[in-house]
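The data below hold one chain only, encoded as structure tokens and taken in the form predicted alone.
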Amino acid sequence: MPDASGSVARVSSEAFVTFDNVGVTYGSGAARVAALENISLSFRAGDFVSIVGPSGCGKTTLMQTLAGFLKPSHGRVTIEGRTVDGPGADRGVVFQQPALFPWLTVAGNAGFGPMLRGAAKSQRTEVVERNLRMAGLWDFRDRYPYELSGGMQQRLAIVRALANDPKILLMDEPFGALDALTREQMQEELHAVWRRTGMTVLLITHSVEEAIYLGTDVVVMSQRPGRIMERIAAPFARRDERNSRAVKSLPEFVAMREHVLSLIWRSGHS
């Protein structure tokens, strides 16, 4: 189904990430389950792509093929024309649960990636300080994860993903376990990081409001087997106005939200 620009795939010479007719199937015979089917999608460097859809539609599976955790059953995923065949430092991944190392301090968690890469201590120190200051965690650098609030832990998880200077940040429901106020604060912090770094972001979320507010593009997936129902260009992420309540009350925001919700509703009840 085409989007407002007349295209689902939006494949062009400027494509940075491309899903080329990707399908994922689990099991075989009577136990065979098709999770994704005929996914063709591309986006440019610097885009913020939000993926939404009904539960079980394959959003996380799609992200895992880009992360390199899962190999497609058919088709291929490429970054700058190179096939993704496993995890890599060019992709940072943030999950719903922070998955921090409890035995390391905040600074230790933030510098874990550069340490594994063999970066010099002076370089690690500079990267850790810069990212922790950016996330408002510098004053907590000697604390341990259990001493942080949920929102602070998730900020640290994002910092740890950024420490390797990835080309793409992959986020799977990163704010799903947070209360409403902390979630909105984290949305603002993520948006600020994206604006500052120009990084490409792929966000998996169940929140349609979050997807539209943060994304330059919103991709709506169908019920399993997951297919792309529609891709919608969202203008709100690039606006200078960041009063979230004001933006989310705009008539055009509400109209887009209701359109996306109706797509998901129809898919889940078809």
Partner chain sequence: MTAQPLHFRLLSLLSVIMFFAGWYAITALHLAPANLLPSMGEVVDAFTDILHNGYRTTTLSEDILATLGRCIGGFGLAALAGVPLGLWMGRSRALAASLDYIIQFMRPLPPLSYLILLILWLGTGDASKVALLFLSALPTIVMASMAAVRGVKQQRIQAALACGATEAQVFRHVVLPSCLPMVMTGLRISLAGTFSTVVAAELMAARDGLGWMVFSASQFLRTDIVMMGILILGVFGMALSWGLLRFDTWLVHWRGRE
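Positions refer to the first chain, counted from 1. Note that the structure is predicted; figures quoted are calculated from it, not measured.
The form predicted in complex with its partner chain exists for this protein as well; it is not shown, and the discussion that follows is about that form.
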Single option in 78, 197, 164, 185 placed near its partner chain in the model of the complex, where near means a heavy atom within 4.5 Å: 164
So its partner chain isn't shown here. In the model of the complex, which residue out of 119, 193, 89, 178 has a non-hydrogen atom within 4.5 Å of it? 89
Distance check, residue 72 to its partner chain in the model of the complex, heavy atom within 4.5 Å: no
According to a 4.5 angstroms non-hydrogen atom cut-off, is residue 160 in contact with its partner chain in the model of the complex? yes
With the cut-off set at 4.5 Å between non-hydrogen atoms, does residue 169 touch its partner chain in the model of the complex? no
Residue 61 versus its partner chain, in the model of the complex: is there a non-hydrogen atom within 4.5 Å? no
Which of these stretches, 132-140, 99-107, 185-193, 119-127, has heavy atoms within 4.5 Å of its partner chain in the model of the complex? 99-107
At 4.5 Å by heavy atoms, is each residue in 174, 201 and 253 next to its partner chain in the model of the complex? no
Though the partner is not shown here, which residues of 108-122 have a heavy atom within 4.5 Å of its partner chain in the model of the complex? 112, 113, 115, 116
